[in-house]
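First, one chain by itself in structure tokens, the form predicted alone.
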């Protein structure tokens, strides 16, 4: 999956020349072989390199604090989301939902690389959620829907239908 994500990220960043990737190990860690340097290993390392190559530093955060929050969420993606067991996904969704209660994006009010990679990382889970589950994680679902409509993000993934109109009982006129 990481290789498709990196390819989609390249397109979203407007990089013209696609890179050649391979994977290593049982966990299929992505590797980017550089022409004039050592190979880059790991999703976050390669994605950060692509953002720098595209001259889009704002995607890595503006201030030192903002950069740290972006890095925190990139690390969360790789350590918690990737390869998580099915029983752990509810905790991840609950954590995201709680965190996003008063935020538009993972790093506050600015779209970053963390949003893109987290979106790619949880898409396969969200696509299978029932409407009731999406409503249970309303903040996370709002964020997810917002990110999937961000220009250029969704390349290799199908759109996820998110119910926009909440159904109210007759007591809420």
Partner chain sequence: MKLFVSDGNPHCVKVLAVLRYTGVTCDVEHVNHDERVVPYLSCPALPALLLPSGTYLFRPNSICRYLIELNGQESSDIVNQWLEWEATELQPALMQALHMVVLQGKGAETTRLLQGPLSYLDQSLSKRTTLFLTAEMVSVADVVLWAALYPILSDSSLTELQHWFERVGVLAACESAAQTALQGKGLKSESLKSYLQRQPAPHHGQGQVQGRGTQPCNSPEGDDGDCVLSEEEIQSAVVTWGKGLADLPMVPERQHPILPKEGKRNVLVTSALPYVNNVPHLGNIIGCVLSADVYARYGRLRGWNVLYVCGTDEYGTATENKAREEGLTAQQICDKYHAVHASIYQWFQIDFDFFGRTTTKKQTEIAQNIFWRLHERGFLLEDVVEQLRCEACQRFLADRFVEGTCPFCSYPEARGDQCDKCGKLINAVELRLLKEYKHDNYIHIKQLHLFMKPFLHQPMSQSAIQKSSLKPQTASNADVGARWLGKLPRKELIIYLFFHLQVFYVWFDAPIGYLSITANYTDQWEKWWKNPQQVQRVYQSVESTCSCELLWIRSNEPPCRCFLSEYLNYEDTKFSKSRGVGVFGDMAKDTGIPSDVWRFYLLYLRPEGQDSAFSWVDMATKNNSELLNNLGNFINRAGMFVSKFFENCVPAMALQQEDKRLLAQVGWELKQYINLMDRVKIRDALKCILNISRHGNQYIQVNEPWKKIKGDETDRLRSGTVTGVSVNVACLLSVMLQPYMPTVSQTIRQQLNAPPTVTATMLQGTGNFVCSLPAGHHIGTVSPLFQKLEAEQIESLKKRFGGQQVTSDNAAQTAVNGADAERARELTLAVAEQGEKVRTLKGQKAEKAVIGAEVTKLLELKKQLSMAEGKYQEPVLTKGKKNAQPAPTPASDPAAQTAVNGADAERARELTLAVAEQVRWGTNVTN
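A quick note: this is a predicted structure, and the numbers were derived from the prediction, not measured. Residue numbers count along the first chain shown, from 1.
As for the form predicted together with the partner chain, it is not shown, yet the points below apply to it.
Novice: Does the partner chain come within 4.5 Å of a heavy atom in each of 45, 75 and 98 in the model of the complex?
Specialist: Yes: each residue has a heavy atom within 4.5 Å of the partner.
Novice: Taking heavy atoms only, is residue 130 within 4.5 angstroms of the partner chain in the model of the complex?
Specialist: Looking in the model of the complex, residue contacts with the partner chain do not include residue 130, since no heavy atom lies within 4.5 Å.
Novice: In the model of the complex, is there a heavy atom of the partner chain that lies within 4.5 Å of any heavy atom of residue 34, even though the partner is absent here?
Specialist: Although the partner chain is absent here, residue 34 would stay clear of it in the model of the complex, with no heavy atoms inside 4.5 Å.
Novice: Would residue 29 show up as a contact with the partner chain in the model of the complex if we use heavy atoms at 4.5 Å?
Specialist: So residue 29 counts as contacting the partner chain.
Novice: Considering only heavy atoms, tell me if residue 49 and the partner chain come within 4.5 Å of each other in the model of the complex.
Specialist: Result yes; residue 49 sits at the interface with the partner chain in the model of the complex.
Novice: Looking at 104, 54, 40, 138 here, can you tell me which has any non-hydrogen atom within 4.5 angstroms of the partner chain in the model of the complex?
Specialist: Contact with the partner chain in the model of the complex is made by 40 alone.
Novice: Heavy atom within 4.5 Å of the partner chain in the model of the complex: which residues of 56 to 74 qualify?
Specialist: Residues within 4.5 Å: 64, 65, 67, 68, 69, 71, 72, 73.
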